[in-house]
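Take a look at this single chain in C-alpha cells; it is the form predicted alone.
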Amino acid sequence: MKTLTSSDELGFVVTNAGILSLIQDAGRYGSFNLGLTNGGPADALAFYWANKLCGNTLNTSTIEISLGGLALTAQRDCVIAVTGAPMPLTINGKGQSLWQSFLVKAGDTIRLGFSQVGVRCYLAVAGGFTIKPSFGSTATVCRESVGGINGSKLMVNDVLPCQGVINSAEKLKLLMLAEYQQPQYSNELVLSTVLSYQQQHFSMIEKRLFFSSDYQVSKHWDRMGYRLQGRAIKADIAGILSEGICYGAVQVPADGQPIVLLNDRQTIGGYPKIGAVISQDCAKLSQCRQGDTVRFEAISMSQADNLFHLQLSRLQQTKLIVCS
C-alpha cells in the first residue's frame, strides 16, 4: 500500500477493484504519431454528466467502472457523483441514487454492485482525482501501459488522491439530473453510420444487406472495439494498405463480420471500412454486452453534423437541479 506523506495525498483507498476499473479523463490526443491511441471514456455522455454534477471541467479525471464491483474508502470529506449503467450504489451500506452528487466523509465506504443492463458507469469527485498525466493525459490504456496509476487498471490498496470540500455547508451545492433527462440503456440499438470513402469496395447488394441486417454483440467486445455476429459482408478486396483509423470505424475483415472500433483501437489498420458510426452512438454501443442486438442505419455527413450539434445544444440547455 502506498505510504502517505502529506494531506495532499489523501483521497480514496481501493478496497475492491471490481472487474475493470480505470482512471479516465477526456482522452489522449496528438499522440498517434507515437502509436498511442485516444483512450478516454467509452461512454462520453455519462462521463460528461459525472463531472458536471461535481462542478468539474470536461477533462477532469474520473473512474470508469466496467460491469461493477468497485469499493472505495474515503480518507477525506469530498463530493462524488456516479452516472451511467444502473449499478447499485451504496454509501456505508445505504442505497443511493445515481445521477446526483453526494457528500461523503472520511471513513465512509462506497460500493458499486453489478449492473443487469448496460456495462459502464463513472465515478467523479469534485476537483477530480490528482493523477500524474502520461503524454498529456491520465486516460488509462492498459494495452499501451499508459495513463492511470502505472498504466494499469485499479488494484486493491491503490490510493486515489483528491481535493477535500470547503468546510462550509453554505458553500456546498449538491446537484442532480432529472430522471426524464437521464439516458436509458437497452439491449437493442440502432447505430447511425456515415459511409466511408471505401464504400465502393462493397456492392450495392452488400451495402443493402448490411443496413437491413441485425447483428449480435459477440463474446469479443472491449474498449478497443466490438466484434459483431450476423450476416457476413464481403468486399471486393481482401485488404488495403494500413492507414489511420477513426473512432467508430466499421472494419470488415476476411470473415465478413463487422468490427466497430472504439477508444482503445489501434492507430492504424488494413481492413476495408464500410463506414463510421457517429460518436454519440459509439457511446451507446459501449454500454452493450454479449448477445445484445444492433443494426446500422446509413446517414449523410450533414445529418451526422446536425445530430452532433443537436446533442450539443441539448447539453448546453439542460439545467441541473439543486438538491441541497
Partner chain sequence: MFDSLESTFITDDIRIELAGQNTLMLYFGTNESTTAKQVAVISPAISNKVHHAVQLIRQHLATEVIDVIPSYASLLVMFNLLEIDHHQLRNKLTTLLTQCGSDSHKKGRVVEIPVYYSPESGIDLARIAKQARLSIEQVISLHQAQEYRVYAVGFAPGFAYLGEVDQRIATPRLTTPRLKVPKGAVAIADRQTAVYPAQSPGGWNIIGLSPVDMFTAQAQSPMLVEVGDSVKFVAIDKQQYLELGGQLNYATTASGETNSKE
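Positions refer to the first chain, counted from 1. Because the structure is predicted, anything quoted here is derived from the model rather than measured.
The same protein also exists as the form predicted in complex with the partner chain; that form is not shown, yet it is the one meant from here on.
Here the chain stands by itself, but in the predicted complex one stretch of 33-41, 284-292, 66-74, 49-57, 33-41, has heavy atoms within 4.5 Å of the partner chain.
The single contact residue among L45, L262, A26, I278, judged by any heavy atom lying within 4.5 Å of the partner chain in the predicted complex, is I278.
A heavy atom within 4.5 Å of the partner chain in the predicted complex is found for one listed residue only; from A178, M204, V156, A254, this is M204. The closest heavy atom approach of N92 to the partner chain in the predicted complex falls outside 4.5 Å. Although the partner is absent here, D222 lies within 4.5 Å of the partner chain in the predicted complex, judged by heavy atoms. At a distance threshold of 4.5 angstroms between non-hydrogen atoms, S115 is out of contact with the partner chain in the predicted complex.
At a distance threshold of 4.5 angstroms between non-hydrogen atoms, V13 is out of contact with the partner chain in the predicted complex. Looking at the partner chain in the predicted complex, residues Q198, R208 and A298 each place a heavy atom within 4.5 Å of it. Although the partner chain is not shown here, in the predicted complex the stretch 219-242 places heavy atoms of H220, D222, M224, R227, D236, L241, S242 within 4.5 Å of it, in sequence order.
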